[in-house]
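First come two forms of one protein chain, each written alone as C-alpha cells, so that there is a structure 1 and a structure 2.
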Structure 1
Amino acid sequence: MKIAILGYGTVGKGLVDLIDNNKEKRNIKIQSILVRDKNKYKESKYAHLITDNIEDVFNKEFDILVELIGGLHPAYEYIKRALEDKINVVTANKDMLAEYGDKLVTIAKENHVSLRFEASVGGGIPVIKPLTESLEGNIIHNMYAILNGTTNFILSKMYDEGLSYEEVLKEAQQLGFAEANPEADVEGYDAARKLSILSTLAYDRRVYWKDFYLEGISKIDMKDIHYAKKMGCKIKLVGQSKLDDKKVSGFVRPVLVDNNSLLSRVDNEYNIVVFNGDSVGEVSFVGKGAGKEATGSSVYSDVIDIFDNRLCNIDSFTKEKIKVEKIIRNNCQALLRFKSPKTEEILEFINTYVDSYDIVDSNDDELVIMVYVNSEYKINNILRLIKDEGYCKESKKLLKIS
C-alpha cells in the first residue's frame, strides 16, 4: 500500500503519526511528502521522504494521493493530475470541494477512481460515510450543526473564562485548529463550505456555499455573552439547512441556543452534526471537529477504505445547482440591542409592529429586547424603520433557535 502525501502541516503530521502507530496492523508505505520548503525539515525523521518539488512526488509509484495542503491552487491541479493518472485521491480540502467538487467528481468518475473526503467536514467525526452510506435509505429533510472548531473554541472560552476574542483566537491558532487565514473561520466561510458539502450530499443537489445567509462571530462582544447568560443561553456559530419543496434554505450565523439544548453541550473544538431523516428521525454525530490526531483519523479511514476496495463516488456534486433561500420564514425569536438614548421611541415601534416581546435590559447605554415574530422579514423591516427614523444608527440582532 503506497501513498504520497501533499502537505505536512497539522493534519499531515496527524496522518503520518497514525500510519506509524498502526504499522503492525497496516503496512502503508509513504513514498513522498510534499512541503513548501524542504530545508525546514532537515532534522525530521522523515527527511528522506520530504521534497518541495511536485515532480518528485509524481515520479514515484503510488496508489493514493493524499492532499492536505489546503486552499484552491495548486491543490486543484495536483488532484486533477492524480485522478487523470488513474490514482485515487483522499483530501481534507473543504474549500476545494465546495468550489470544484463537481469538476473533480466528474474527472474521478471518468477515470474510474475514487475521490474521498471524510476529513473535509467535522474533523475526526465520521459524518460523510454515515450520511452517504448508513442513511442512504432516508430522505433528509433538514440538518443543523456546529461545523467549525476554532469559532466554537473561541465562543466557549469567551463564555466560560471571560477571555477576549483576540486572546482566544491566538490560542486556537497555536493549537492548530484555525485555518492559515483565520478569517475563513471567524467569518463563517469554513462552516458554510462544510454545510454546503453536507447539504449537497443530503439533498442530492448541488448547494453552493455562498448562497447561504452568512455571518461570522467577529462582532460578538462580551455584552452579547452577558445577555446570553442572563437568558440561560449560550452563543454558537450554527449552520442550518432545510429542503422544502425543491428549495433549500440555510444559514451560517451566531445564534442563541438554550442551555438545555443539544448544541449548547458541544463546546471548545468539538463539532456536532444533526440530520433529520424521514425514517431514522433525528440522528446526531459529535466529536472533535479540528486538530491533528482527530482529523488525521478521518484521513486514515479514507485511505484504508480505498485499500480495502470500498470504493465509491458520490454523484451529488455533479447535479444541478439548487436555489437557496437566505431568510427564516417561520416563527422565530431574536435578541435586539439598540445603543441609543431614544429608547421610548424605539419601544413604541416595537409595540406597534411586534406580536410579542420581553425587555431584557434597559439602561442609559442600551435597550435590549427579545422579540417573537412569524418571520425574520418582520424583524429586518422594523430595524430598517428604526434606522430610517434616526432612532438608532446601528442595532444588533441575534436569532435564538430551539
Structure 2
Amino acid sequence: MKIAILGYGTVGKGLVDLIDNNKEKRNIKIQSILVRDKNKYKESKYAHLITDNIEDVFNKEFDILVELIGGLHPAYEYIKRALEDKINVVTANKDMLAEYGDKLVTIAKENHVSLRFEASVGGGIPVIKPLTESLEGNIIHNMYAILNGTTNFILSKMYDEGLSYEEVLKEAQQLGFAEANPEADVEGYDAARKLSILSTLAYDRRVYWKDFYLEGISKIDMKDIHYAKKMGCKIKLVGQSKLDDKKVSGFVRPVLVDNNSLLSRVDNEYNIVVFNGDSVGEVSFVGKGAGKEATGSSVYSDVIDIFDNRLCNIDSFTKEKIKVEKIIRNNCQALLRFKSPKTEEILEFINTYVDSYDIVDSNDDELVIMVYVNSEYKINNILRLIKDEGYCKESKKLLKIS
C-alpha cells in the first residue's frame, strides 16, 4: 500500500502517527511528503521522504494521493493531475470541494478512481460515510449542525467566562484555535462550505455554499450573551438546511438555542451534526471538529476504505445546482434589540404586525423584544419599517431555533 502525502502540518503529522501505530494491522508505505520548506524538517524521522518539489512526488509510484495542504490552489491542480493519472485521492479540503467538487467527482468517475473526503466536514466525526452509506435508504428532510470549532470555542468562552469577543478571539489565536486572519471562521464561510457538502450529499442536489444566508459572530456582544442567559439560552453559530417540496432552504448564522437542547451541550472545539430522515428519524454525530489525532483518524479511515475497495456514492456533486432559499418561511421567533428607541412608536408597530411578543428589557438606551411570527419575512419587514421611520438608532436580530 503506497501513498504520497501533500502537507505535513497538524493533520499530516496525525496521519503519519496513525500509520506508524497501526503497522501490524496495515502495512502502508509512505513514498513522499510534500512541504513548503524541506529545510524545516532536517531532524524529522521522515526527512528522507520530504520534498518541496511536486515533481518528486509524481515521479514515484503510489496508489493514493493524500492532500492536506488546504486552499484552492495549487491543491486543485495537484488533485486533478492525480485523478487524471488514475490515482485515488483522499482530501480534507472543504474549501476545494465546496468550490470544485463537481469537476473533481466527474474526473474521478471518468478515470475509475476514488475521491474521498471524510475529514473535510467535522474533523474527527465520521459523518460523510454514515450519510452516504448507512442512511442511503432514507430521504433526509433537514439537518442542523455546529460545524466550526473556532466560533464554538469563542462563544463558549464568552458565555462561561464573561469575556468579550475581542478578548476570546485573541486567546483562540494564541492557542492555535483561530488563524491570524480568522475571517473564514468567524464570518461563517467555513461552516457554510461544510454545510454545502453535507446538503449536496443529503438532498442529491448540488448546493453551493455562497447561496446560503451567511452571518458570522463578529457582532455578538456581551449584551447578546446577557439576554441569552436571561432567557435560558446560549448563542451558537448554527448551520441549518431543509429540503421541502424539491426546494432547499438554509443558513449559517448565530442563533439562540435553549439550554436543554442538544446544541447547547456542545461546547468549545466540539462539533455536532444532526440529520432527520424519513425512516430513521433524528440521528446525531458529536465529536472533535479539528485537531491532529481526530482529523488524522478520518483521513486514515478514507485511506483504508480505498485499499479495501469500499466505495461510496458521491454523484450528487455532478447534479445541477439548486436554488437556495435564505429566509425561514415557517413559524419562527427572534430577539429584537432596538438602540436609542422611541419605545411607544416601536411597540405600536409591533402590536400591528406581530402575532405575539414579550418585552425582555426596556429602558432609554435599549428596547429588547422577543417576537413570535409565521415567517422571517415579517420580522425583516418590521425592522425595515421601524428604520425608515427613524424610531431607533440601530436594530439587531437573533433568531431562536428549537
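The term rigid core refers to the most C-alpha atoms you can superpose between the two forms while keeping them within 1.5 Å. This one's a predicted model, so the numbers in the text were calculated from it and none came from an experiment. Structure 1 provides the reference sequence; residues are numbered from 1 along it.
In this comparison, the chain shown as structure 1 is the form predicted together with ligand HSE. The two forms, fitted on the rigid core, differ between structures 1 and 2 by less than 2 Å at the CA of residue 126. Relative to the superposed rigid core, the position of the CA of residue 143 differs between structures 1 and 2 by less than 2 Å.
In a rigid-core overlay of the protein, residue 171 has its C-alpha displaced by at least 2 Å between structures 1 and 2. Taking the core as reference, the C-alpha deviation of residue 181 between structures 1 and 2 is 4.1 Å.
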